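Two forms, one protein chain; structure tokens for each follow separately as structure 1 and structure 2.
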Structure 1
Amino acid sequence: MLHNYDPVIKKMNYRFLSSLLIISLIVGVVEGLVMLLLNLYQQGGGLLTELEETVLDTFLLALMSAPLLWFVVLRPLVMQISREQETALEQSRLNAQLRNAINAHSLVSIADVDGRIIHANDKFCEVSGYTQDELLGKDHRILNSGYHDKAYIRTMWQTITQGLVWQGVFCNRRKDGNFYWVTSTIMPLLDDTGKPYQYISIRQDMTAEKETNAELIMLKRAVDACAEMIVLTNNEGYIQYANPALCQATGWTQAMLIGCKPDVLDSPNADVSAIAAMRTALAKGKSWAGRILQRRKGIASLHIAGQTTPPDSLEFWVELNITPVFNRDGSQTGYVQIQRDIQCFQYRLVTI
């Protein structure tokens, strides 16, 4: 895009007008001189032949039309050339800025048709730990960590040698032996016949993301495997996660619990003062621990007037611990609730 188009045109027009003025001045002076000389010549008795007169008239006419020719024919031509030069200049400035942006953001390397590195940017060197000199002329296999199987590499090569763009992930090895992960786009540069003559590769370092994901997966597996019953809620108290131990003990499924409040687990006979104390502590952003009577999913014992209601076998006591969870910035994101079936625990203790 040409940002400074108008000032350029104005500058050009100014130059043309001033040059037109100078040309017209020169033409006027030259014509005046010619006429003066002709006059002097004729006063001295000289006479021009018909041919000489024709030549002189043609010369004077050409001289007079020079400013017009300059303005009408040459001006648009020069303006056009100058506009194209300005566009090309602007384009190359833009290309340089784009190159700088890509270099600041990504690891960039270029390989020749045989896969030998012919360019590696600073970020590539910084992340891989190799210097330019160590990389140039080498195959990218210098980074190979052995993580990917041959079929993965083969598919990549098959894609790019066909002139197509390949996108994927590489687990590479730094010079110091540590692994790093990159998302990669490899784009073949094609000649006039459509055959690749170079490959440009642009990558983003995703090592931190990969490590965080691995950590999250590990934590999720641990919470899933935990024998204690665990519930995670959001700030409003709606369940976002319930672990298998809780589902198994209560008869609720994850799908049923998600979006409910944990009080669906409470028995109708639960101690209201304990529940009130819990709510007060949580409202103040504090954790709470205590015993609560809960109830497994199922139909309540039938109460018949005048008859003794049998004990509700679905009820069970839990020792409950609810803790608010905070972000790094101190804002609360929700609660983690860990509970243990005390009856079951005590029963186990008794039977051991």
Structure 2
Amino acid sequence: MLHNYDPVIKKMNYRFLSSLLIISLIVGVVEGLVMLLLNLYQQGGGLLTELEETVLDTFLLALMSAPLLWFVVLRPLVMQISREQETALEQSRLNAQLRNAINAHSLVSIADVDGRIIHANDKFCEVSGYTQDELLGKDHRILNSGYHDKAYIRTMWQTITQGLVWQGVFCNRRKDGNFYWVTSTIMPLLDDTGKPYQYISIRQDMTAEKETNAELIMLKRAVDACAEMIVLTNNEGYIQYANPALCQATGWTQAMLIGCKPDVLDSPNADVSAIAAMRTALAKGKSWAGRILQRRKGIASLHIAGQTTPPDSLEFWVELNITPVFNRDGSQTGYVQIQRDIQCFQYRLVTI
């Protein structure tokens, strides 16, 4: 037994019943008026046979009720149906445009309750490498890459068979054997009892994004392992990253450096003219290379009045190279700073 009716069906039923009630009311009132007129006619001396009375009653009833039925019931009903047809037509056009947009952008498939594919759009076929004939009637195991464990697949099935929407990432295998990654949303279509009878899947190909992320992870590992000291800043010059080599050499942690400007590493005794030249070059969007006196994190030597202050053992010279980093559109996004401890480098040369 159905407990919830479609709102459109409920509205149609209400309209039908209300129209039927109004028609019955109009016909009843007009029929009563016609009978009253016929009685007045006969009381005034007019004579009618039974057949004549029936014909005249029918004629007058049709003549008097037809305009009322048209203006009160039929005309508003026709206008409302016409408006709804226009709305339905517009909604149909909108749905068609929406389907076209989804099909152009997403991989769409529909599966029956057993998971067999009953529809696959062109984008799905293009990315997977299979034709529709090769996909229809098969389940999605045809795309299984073996990347995900059974628990992951089981969780997905438990979710959608309960009538819930599942969202996640899948690594699938193309027909040619290559892997591709998709973000997937699987929505169950429910029958009147609330049980799934079909599943619609909408996916976005994220293979390029996944590969880019993998390349970035590999690049970061390489920079982390680099023996050179590396700093990345944003376009305003604030540190966004400092590799372990720099942190180990200077005594600063990455957490301390992020959000600071690189001059926090400079010694108070650094050459002012060299720093000015560096800033001038960077302001023009050019690279700069030179030597800068820097200082490791720590407490400065104590100055005693009347005595010569000993050299600051925390100061060290670096060979510094700073290069602006640009986006593809030519806009500047930040700077990469690579520096080498000259004293350590010279010491290694002497040792070798």
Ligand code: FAD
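Residue 1 is the first residue of structure 1, and the numbers go on in sequence order from there. Rigid core (definition): largest C-alpha set, two forms, superposition within 1.5 Å. Note that the structure is a prediction, hence the values are computed from the model and not measured.
As for origin, structure 2 is the form predicted alone and structure 1 is not. Remark: with the core as the superposition reference, the CA shift of F16 between structures 1 and 2 reaches 2 Å or more. The rigid-core alignment places the CA of N321 less than 2 Å apart between structures 1 and 2. Core-superposed comparison between structures 1 and 2: the C-alpha position of Y241 differs by less than 2 Å. Comparison between structures 1 and 2 places the CA of L25 23.2 angstrom away from its other position, after core fitting. Its Cα shifted by 6.7 Å between structures 1 and 2, L51 is reported here after superposition on the rigid core.
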